[in-house]
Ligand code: MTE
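So this first bit is one chain, no partners, the form predicted on its own, shown in C-alpha cells.
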C-alpha cells in the first residue's frame, strides 16, 4: 500500500452451506490474511446465505453506518441459480468500476477457462470500494492478487485524493 494511513476493510462470505455451518469458510479467512499483510485493518467478517437482502444489509451497514473503506465479498458470483451477489451489489453502487472485474477475469483466464463464468462486479458506494470475488479460496486469492496493486490508490482517489495517478504509484 501507499504511505496513506491504513484503510479499513470488511469481508463478506456469501454461502448457503457456510451460513448453516455445513461447510467451513476458507476463502474469507484467506482473504483476511492477504489484506492484513497488505496493511488493511480488517474490521468486520460475516457469513451470510445467498440471499439478496442479507448481502445488501451487511454491505449497507459497513458502508453507511461504519464507513469501512473496502468491502470484499466472496461467493455467489457464478452462474448457479442461487448466485446473486452481483445482483445484490449493483443497486447499492453509486458508480461501477468495470476494469476491476475485467482485470480479475483476465488474470483468472490464464489459469482456467471457467473464469469467464465469473460475474463479479466492483464499484463505489459513498467513499467506499466494494468488490465481488469468487467463492473458492484459490479463486478468491488469485482475484484479489490481480487488483491488490491498485486498491490503496483507488480508495485514496474515491475519498477525494488529489495527487495525480502517476504520483501515487509504487
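All of these numbers come straight from a predicted model, not from anything done at the bench. Residue numbers count along the first chain shown, from 1.
We do not show the form predicted in complex with this ligand, though everything after this point is about it.
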Is the gap between residue 103 and this ligand in the predicted complex 4.5 Å or less for some heavy atom pair? no
Check whether residue 128 has any heavy atom within 4.5 Å of a heavy atom of this ligand in the predicted complex, and answer yes or no. no
Does residue 28 reach this ligand in the predicted complex if we count a contact as any heavy atom within 4.5 Å? no
Does at least one non-hydrogen atom of residue 34 fall within 4.5 angstroms of this ligand in the predicted complex? no
Verify the flagged residues 77, 114 and 118 against this ligand in the predicted complex: is each one within 4.5 Å by a non-hydrogen atom? yes
The single option of 136, 124, 46, 51 touching this ligand in the predicted complex, heavy atom within 4.5 Å: 136
Where, within 27-64, is there a heavy atom within 4.5 Å of this ligand in the predicted complex? Residue list please. none
